[in-house]
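The chain below stands alone, shown as structure tokens; this is the form predicted on its own.
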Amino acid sequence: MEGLEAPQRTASLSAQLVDSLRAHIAAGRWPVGSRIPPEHTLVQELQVSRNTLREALRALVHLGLLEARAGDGTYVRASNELESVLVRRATAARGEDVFELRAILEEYAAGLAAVRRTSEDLAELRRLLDCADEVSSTEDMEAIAAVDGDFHRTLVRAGGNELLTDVYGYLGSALTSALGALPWNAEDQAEHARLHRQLVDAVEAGDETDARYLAASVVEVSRRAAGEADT
């Protein structure tokens, strides 16, 4: 209506703090999985009251960015709200659904990578293959899963689709975490490593069809191992 002005609203201190902390997390200054500083440290550093800080932290917990663990502090759960929603949904899904989603995303991304990869992408994929060989001898499944996750995120990024890269990055922890819990035997590990190297060879050769087939085969090895663990 003419002449009618909306009232001026000033964000509360806690709302400003939520925005500031959200930006801090999004920038990676508090990495996902890390514990944030204790309350007394943040109160002193931010020059706010304890109540204001707690209100802001509760809001971030509600948004899914933080997770409060009784007796252990507060941890970063996700870098943004979209990641929080996707990870929560994937974590609650059936294992078979997770593997099917991995196959769909990684197969398509591998085909894109075969067409669009750069020499830098190939060098990084080769480096991660070497890292995978190093950690495989340790039988540390968490370390093996971490390297595997880095490999697949790099492969997806090599496809050059920024939206797919973002979505896969948000889902990455949920999509690859199952690997760390699998009781891999020597035969599974050998096949897993062989398929990864063949996949990189196909990407380097620009063979889109073979790259897609091999990416799906990699996921199938993990799916089969998970099925054997359940029996």
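Computed from a predicted model, the values in this text were never measured in an experiment. All residue numbers refer to positions in the sequence shown, first residue = 1.
Unshown form predicted in complex with the DNA; subsequent notes refer to it.
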In the predicted bound form, the residue from 44, 51, 34, 185 with a non-hydrogen atom within 4.5 Å of the DNA is 51
Heavy atom within 4.5 Å of the DNA in the predicted bound form - residue from 191, 204, 166, 55: 55
Verify the contact flag for residue 80: yes if a non-hydrogen atom of it lies within 4.5 Å of a non-hydrogen atom of the DNA in the predicted bound form, no if not. no
Can any non-hydrogen atom of residue 68 be found within 4.5 angstroms of the DNA in the predicted bound form? yes
Taking the DNA as it sits in the predicted bound form, is residue 20 in contact with it (heavy atom to heavy atom, 4.5 Å or less)? no
So, residue 38 and the DNA: in the predicted bound form, are they within 4.5 Å at any heavy atom pair? yes
Specify the contacting stretch among 114 to 122, 72 to 80, 128 to 136, 97 to 105, defined as having any heavy atom within 4.5 Å of the DNA in the predicted bound form. 72 to 80
